[in-house]
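Take a look at this single chain in C-alpha cells; it is the form predicted alone.
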C-alpha cells in the first residue's frame, strides 16, 4: 500500500485554491487506489523554523555524536526527512507569492535539504540524491495567468524541480495549476484540471 505525504502551505485555509487542488489530487490518487495512507503536513499550522546561525552550524557539522542541543535544533528537520523517506508519493501545494513559492514552503525546503542526508557529493564534485524513486505532484495557484507573464518568469515549477533534482534525486514531478484566481473564478472544477492524472 503506497503512502502519500500531503504538504500544504497557503495561509488562506479552506479557501485556498492550491490546497483545494492538492486535496483533489490526493482524492483522485486514493480513488484510483494508487495510495492507501496519507500523512498531512500543514506548514501554516506548524510552520518550519527559519534557518539561523546555530541551525546552519548543525546542518554542516561533521562531528559525531550530535549534542542534546543539536538534537533539539534538528527535531523539525529530522521529522520532515522521515516523512519524505517513508512516502512513495509527495503532493505539494503552494500559492504564488510575488512570483515565488510561499515563505513556509521555502522554509520547509531549507529544513529538508541536508548534505550527507538527502544528498551526498561524489568524488568528481557532482551530487547524488537519496530519493530517486519517488513521485511528486505539484499544485500551484496564481492570481494571474502564466500566458500573460513575460518569457522566463516561471519560477515555481522550475525552482521546485531544480531543488528536488539537485538535492534529493527526485526528478519525476507533475505540475497542475489553478490560474487567474485574482480575476474572479466561476465555480472551480478540479476534476477537469486533473483529467490526465
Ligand SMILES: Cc1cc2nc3c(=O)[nH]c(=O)nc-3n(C[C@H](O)[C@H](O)[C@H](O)COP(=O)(O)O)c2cc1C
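If you're wondering where the values come from, they're calculated on a predicted model, not measured in any experiment. Residue numbers count along the first chain shown, from 1.
If you look for the form predicted in complex with this ligand, you will not find it shown, but the lines that follow are about it.
Among 57, 36, 70, 144, the residue placing a heavy atom within 4.5 Å of this ligand in the model of the complex is 144.
Taking 84, 109, 96, 74 one by one, only a single residue has any non-hydrogen atom within 4.5 Å of this ligand in the model of the complex, and it is 96.
The closest heavy atom approach of residue 16 to this ligand in the model of the complex falls within 4.5 Å. Shown alone here, residue 23 lies farther than 4.5 Å from this ligand in the model of the complex, counting heavy atoms only. When this ligand is considered in the model of the complex, residue 149 lines it closely, a heavy atom lying within 4.5 Å.
Contact annotation: this ligand lies within 4.5 Å of heavy atoms from the stretch 136-144 in the model of the complex, the single such stretch among 167-175, 47-55, 136-144, 23-31.
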